[in-house]
Ligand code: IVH
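Have a look below at one chain only, the form predicted alone, in structure tokens format.
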Amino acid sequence: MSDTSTVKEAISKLRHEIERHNRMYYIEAKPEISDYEFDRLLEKLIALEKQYPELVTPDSPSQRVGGTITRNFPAVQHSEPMLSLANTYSLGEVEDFYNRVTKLLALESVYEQEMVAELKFDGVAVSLLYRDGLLVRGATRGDGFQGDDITANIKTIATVPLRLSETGESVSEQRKATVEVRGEVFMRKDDFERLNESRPEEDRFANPRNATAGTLKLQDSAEVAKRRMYFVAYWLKGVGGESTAHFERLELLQQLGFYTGGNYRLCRSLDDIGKFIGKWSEKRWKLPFETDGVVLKLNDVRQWEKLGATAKSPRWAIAYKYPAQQAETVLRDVVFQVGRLGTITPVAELEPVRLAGSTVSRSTLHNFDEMERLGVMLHDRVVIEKSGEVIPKVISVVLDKRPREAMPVAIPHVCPECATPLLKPENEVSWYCPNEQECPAQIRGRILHFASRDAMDIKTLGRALVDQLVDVGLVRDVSDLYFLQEPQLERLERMGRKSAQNLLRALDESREKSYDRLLYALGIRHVGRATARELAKAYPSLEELMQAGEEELSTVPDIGPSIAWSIRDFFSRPSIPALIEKLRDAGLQLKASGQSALVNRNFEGISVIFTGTLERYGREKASEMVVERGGRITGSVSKKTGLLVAGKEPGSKLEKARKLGVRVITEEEFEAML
């Protein structure tokens, strides 16, 4: 093709064909061609655009493959706040909300009382901005007032139109103005499972929402493109008049080319709302994506401004959250696992049962004291629950169904891995295996902890490989990792030359990890990431830390006598000097580098503690942001604690903080402080 106009026509046809197949696959769920055939079409388009770069346009499907590297994500202001919704957990509270809205507005007509019920997608809220029909910006919710510009990553999502559809004359005209669309980015269950299967076991995401949040903040958009994500739209501004009802706006979003989920309903009474919530209580488990509730919004958008909002949530909408799912099953057996610190943890093996959309066959029993509190016996019928719909746990025994063959659980007195007699330290609930140098389970656990994401982040070093390295005697402690040779690794099962080279490359990269991360990676009992950072500040080199006494260590912020003793005990062990020397020879960072500049001083002099699950940040990221702003992270609540940030399902720390008069804030308030 030498004629440019002919090439332009061919490219245009390819683009339309690819976008049509995109829509058929992602939105209509009626694919007409195979993935292979689709990839061939895309490859053909990319090849033509490389040959004729002057014909590349911002809305070309080729722009979805990524490739942009973003070193940082600039902050952008939202046109109006992206508030989070207030949660409710009972139909009674839903009725209170409905009656409150009716009373506040003194509603009379049926139309004004209409509510739109939508499934609550468990994802990450984002805002999309279009000008003259083209996508120009994608941003995270952030603190509600400003978020991060993640446009390059947003463009990789197939259900985000790069150009608004021109369906309908009125839509076609109005789409030329500035249009804002808000919605949720999420990951389907099957795509989430595939992503996790490709990662080392200890580096896997807890749930699809965490995977989505982490993916959207990746700096390499080409990597983002590999992880299939979806966008569901639920808010529109700039198309249709200001009086256009919310239900009609959802219809407009579909005309513009957006995926809206389709599972929403116009409710004209409380009875309609109750039926919708009841319908999806069980039906939601058959959906290909995670949903944890129903969102209710007043349909009359004209009344939204009149109702206004609190500091955190709009008064015209609410989220109903489904209660935690429970199931009854049979306890087949109890096995005992050995952790990296020798802790013995009982794990229940259950008759497989469906719970919250998945089959559960194992559940933690936490410790021996918890087993005694539950009074659990083998062959008992037990009730299990998924906390946050992720982690299954045994919550009770059905005593009136206890079978005759029920028998007490045999409590081990020796380590199930190395047969060493177990010990129970004073004032602790757990039993321990004291054979830390020879117990295979502890050796494996220490290596996995050392390689974990928050520690040395040694990618490709998963559980199966660690098991092999320990079993064949190539690795006895973490320092041995840095002296592995390619021929040794190639002889292991499922370890070819490329896999061996990938591991050695990951080990090389870990040599550059910071000194405080190394302190955490060493696995000293009671020394988490926050404590490791405080130790690195107080003792800028490992040599200085090794020489510090208990009394001196106790003067470091948030390090009490028990942690000080644990640190001294660790460094006084005969094996540790040789281990440290080998790590030094391997080129690891045994000293602190120059202190980085603070982002700001908003947390200066404040000790902060987190409890519960944070929705927008991982605990590690939130801690780093506090430190970057002059604050300190603590592990336990005391009178010296300056601030407690309470996320979802907060633990006992919240009650203790309130008793001590410690200031408690929400995650939204925490974001504002940042």
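All residue numbers are counted from 1 along the displayed sequence. Just so we're clear, the structure is a prediction, and the values are computed from it rather than from any experiment.
Quick note: we don't show the form predicted in complex with ligand IVH, though the next part is all about it.
Shown without its partner, this chain lists Gly144, Gly214, Pro314, Pro412 as candidates; in the predicted complex, only Pro314 has a non-hydrogen atom within 4.5 angstroms of ligand IVH. The contact with ligand IVH in the predicted complex, taken as any heavy atom within 4.5 Å, belongs to Ala125 out of Leu465, Ala536, Ala125, Ala548. In the predicted complex, Leu83 approaches ligand IVH with a heavy atom inside 4.5 Å. Contact check for Val179: every heavy atom lies farther than 4.5 Å from ligand IVH in the predicted complex.
Among heavy atoms of Phe336, none comes within 4.5 Å of ligand IVH in the predicted complex.
Using a 4.5 angstroms threshold between heavy atoms, Glu184 counts as touching ligand IVH in the predicted complex. Here the chain stands alone, but in the predicted complex its contact with ligand IVH, taken as any heavy atom within 4.5 Å, falls in 292-300 among 292-300, 268-276, 324-332, 508-516. Annotation for 113-134: interface residues with ligand IVH in the predicted complex are Glu118, Leu119, Lys120, Phe121, Ala125 [heavy atom within 4.5 Å].
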